[in-house]
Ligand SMILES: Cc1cc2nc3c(=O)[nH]c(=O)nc-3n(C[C@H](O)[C@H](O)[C@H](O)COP(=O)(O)O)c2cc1C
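A single chain, nothing else alongside it, follows as structure tokens in the form predicted alone.
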């Protein structure tokens, strides 16, 4: 079976507009931004935050919904209700997020410090849904508590159908290098599919990660920021085909399509604010981009933004 290429969930990033761009470029699977189980269950039905988090286009590919929380009952109830929406192909449980506001509630990567609770969550979620249940995890809490192998085995025993392993500890956040050798140990320890995550940013890194880990696929997170075509590059590498990066004109076309689809969904004012970070990523590494980004952040319309982006066309990358 050929390795699969996934878009890793990223808060504030992996909404339906960005996912669609990634799917069109060769992404096999994607996962929503993480959804608080308790928040989802208790929020008013018309709460915009959850309406936006759970929105998906009909033409997207295989999509999982990621939930987080520390209460097995809430997690199971949320999984059951999300399954009933008929929008998703799997339930993914976040046990990897390092953000303080998440781990402060004993969720995300804090669950790696309490494997028994993590296993109860998986067991209860598994009972509540007919969908596959997967787990996103890290190597452990910190360098002194790297427990990925026994943790992964416990998740498998609890009923998890697959794992995505980020090759860093919670203490590392996103610093240092991802340890693909430790992901390989997880892959060797379990029988369920394992997806490698961390520092996979292009075709060569994807091939190297697969060779070292022996995993069933790779998940791309930060490597896709401003570069949804990274999936086309990785798919070309997996197929042994040459790959040519897109010209700057295509980058601007993609950025503006991204922006205008966001505006059609959320309104231009909200989209202008949300797209600022994306414009930073789309122009990363281009000469003069820092000065242009300052003006983009002051722009009142996407027409003005597009003119600013295209003004960089004559500038070569650094």
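Numbering follows the first chain given and starts at 1. Quick caveat, the model's predicted, so the values are computed rather than measured.
Omitted from view is the form predicted in complex with this ligand, to which the following refers.
**Q** Among the candidate stretches 230 to 238, 147 to 155, 215 to 223, 183 to 191, which one is within 4.5 Å of this ligand in the model of the complex when only heavy atoms are counted?
**A** Of the options given, it is 215 to 223.
**Q** Could you spot which one of 205, 169, 128, 94 gets a heavy atom to within 4.5 Å of this ligand in the model of the complex?
**A** That would be 94.
**Q** Just to be sure I understand the contacts: of 139, 200, 160, 121, which is the one whose heavy atoms reach within 4.5 angstroms of this ligand in the model of the complex?
**A** In short, 200.
**Q** Taking this ligand as it sits in the model of the complex, is residue 27 near enough to touch it, meaning that at least one heavy atom pair lies within 4.5 angstroms?
**A** Judged by the heavy-atom cut-off of 4.5 Å, residue 27 is well away from this ligand in the model of the complex.
**Q** Residue 13: heavy atom within 4.5 Å of this ligand in the model of the complex?
**A** Yes, residue 13 lies within 4.5 Å of this ligand in the model of the complex.
**Q** Can you tell me if residue 36 lies within 4.5 angstroms of this ligand in the model of the complex, counting non-hydrogen atoms only?
**A** Outside the cut-off, so no.
**Q** Would you check, heavy atoms only and a 4.5 Å threshold, whether residue 66 touches this ligand in the model of the complex?
**A** Judged by the heavy-atom cut-off of 4.5 Å, residue 66 is in contact with this ligand in the model of the complex.
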